[in-house]
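This document starts with one chain, in the form predicted alone, laid out as structure tokens.
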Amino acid sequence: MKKESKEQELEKLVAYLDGEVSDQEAIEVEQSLSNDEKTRAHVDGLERTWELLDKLPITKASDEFTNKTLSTIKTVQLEAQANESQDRSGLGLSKQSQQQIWKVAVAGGWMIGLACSIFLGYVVTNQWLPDESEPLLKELSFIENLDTYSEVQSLEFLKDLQQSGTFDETAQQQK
């Protein structure tokens, strides 16, 4: 924390010396210089350092270095533009939106797949497992009339009833 504070103060002093501070910040630095001897000594040291740096011979970068640096900057800019255009799809969606849509689509696909699996499992299970009620349904009319049939004592009695036309009258009454 203290180190960050010192770095910020140094940056502010360097910006002051370079003339890159606002009027309010310049007033603050000048007040600090008039009140604090350490700050004044620090600024003096910075000014001497700048003067010594100005006395150093200026070396000019070679044309090859300049060309490489400029081509590197162009490459970085083109990559940034390519990444930006990749981030935007034809629909104008950001990459984050595309990822969210993709996640929703995957979740929806899983839900549909799960529903289809459940339905398919139900259908297959019903095909393989015999339905216990099916034989009872086939014999439903017999079961419904079981009491009536149990009163019949013999097959001969039924034949006599059929010959007498009783079943025909019963059938006509039901129509």
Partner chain sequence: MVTTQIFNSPYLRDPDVQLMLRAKEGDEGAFTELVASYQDRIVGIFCHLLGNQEAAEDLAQEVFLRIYRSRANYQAKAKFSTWLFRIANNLASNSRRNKGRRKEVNLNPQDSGPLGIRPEEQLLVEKSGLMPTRQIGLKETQAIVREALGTLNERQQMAVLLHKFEGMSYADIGAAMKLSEAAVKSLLSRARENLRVQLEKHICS
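Keep in mind that what you see is a predicted model, and the values were worked out from it rather than measured. Residue numbers count along the first chain shown, from 1.
Omitted here: the form predicted in complex with its partner chain. The next part is about that form.
Participant: Of 51-59, 104-112, 144-152, 28-36, which is the one stretch near its partner chain in the predicted complex, taking non-hydrogen atoms within 4.5 angstroms as near?
Facilitator: Going by heavy atoms within 4.5 Å, the stretch is 51-59.
Participant: Can you pick out, from S133, N126, S117, T66, the residue that has a heavy atom within 4.5 Å of its partner chain in the predicted complex?
Facilitator: The residue in contact is T66.
Participant: Quick check on G121: any heavy atom within 4.5 Å of its partner chain in the predicted complex?
Facilitator: Judged by the heavy-atom cut-off of 4.5 Å, G121 is well away from its partner chain in the predicted complex.
Participant: I'd like to know if L158 sits close to its partner chain in the predicted complex, meaning any non-hydrogen atom pair within 4.5 angstroms.
Facilitator: No, L158 sits far enough from its partner chain in the predicted complex that none of its heavy atoms falls within 4.5 Å.
Participant: Does the 4.5 Å heavy atom contact test between Q86 and its partner chain in the predicted complex come out positive?
Facilitator: Taking the distances in the predicted complex, the answer for Q86 is no, it never comes within 4.5 Å of its partner chain.
Participant: At 4.5 Å between heavy atoms, is Q77 in contact with its partner chain in the predicted complex?
Facilitator: Contact check for Q77: yes, within 4.5 Å of its partner chain in the predicted complex.
Participant: Could you run down 13-31 and flag each residue that has a heavy atom within 4.5 Å of its partner chain in the predicted complex?
Facilitator: Residues within 4.5 Å: V14, A15, L17, D18, E20, E25.
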